[in-house]
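Only one chain comes next, encoded as structure tokens, the form predicted on its own.
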């Protein structure tokens, strides 16, 4: 597949390396020629030096034949404009936009882009580590708005059901429970046992409520 990466910073150069190693054709665009020095020595794609807002630069990069474009500079405004042009003018099938400043994330989401906010996602992870984890995220969707968490049920919840555990918590849904190495669907009448490995999908607020509920019986 043919991909264009706009921005050859740490993120852009690493993305270029990964896509290139996976066998894809990659073109990296940056207005700073020195930025291309970040590309790995074995990078076999093309580089285009120039302003990404220029149609000539984008067309030199092959945007008319691109299967996807990632705008990953440290300017949210630039990323938004390039992503919009790629999708609306050139009909690029997949457009991903990096969010650098979390305060501007709603603006990017309003355009309907795929948005990746590493700052917001990283802050959420660090918060979880600092406050003490009773569960861990094993899968993240989008920018972490919904994740699948894995937690071990403490003895205090032996014999309880999902309704007992999550009554009124609309931010969580059961995925599966694993007992003695065997996974099961969480049915309304399933009674948990101490040591069960429970997977739930949850928002960040939902998992905070669930953690508090798990701790409540220890008090």
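Residue numbers count along the first chain shown, from 1. Only a predicted model underlies this, so the values are computations on that prediction, with no experimental measurement involved.
Keep in mind the form predicted together with a small molecule is missing from the figure; the text below concerns it.
query: Thinking of the small molecule in the predicted bound form, which stretch from 66 to 74, 158 to 166, 174 to 182, 188 to 196 has heavy atoms inside 4.5 Å of it?
result: Result of the contact check: 66 to 74.
- prompt: Ok, 154, 50, 45, 62: which has a heavy atom sitting within 4.5 Å of the small molecule in the predicted bound form?
  reply: Partner contact (heavy atom, 4.5 Å) among the options: 50.
query: Which listed residue (11, 202, 19, 210) meets the criterion of a heavy atom within 4.5 Å of the small molecule in the predicted bound form?
result: Flagged contact: 11.
task: Check, residue by residue, if 32, 35 and 78 all come within 4.5 Å of the small molecule in the predicted bound form, counting heavy atoms only.
output: Contact check passed for all of 32, 35 and 78.
- request: Spell out, yes or no, whether the shortest heavy atom distance between residue 149 and the small molecule in the predicted bound form is within 4.5 Å.
  value: Residue-level check for residue 149: no, no contact with the small molecule.
message: How about residue 100 - does it come within 4.5 Å of the small molecule in the predicted bound form, if we only consider non-hydrogen atoms?
response: Taking the distances in the predicted bound form, the answer for residue 100 is yes, it comes within 4.5 Å of the small molecule.
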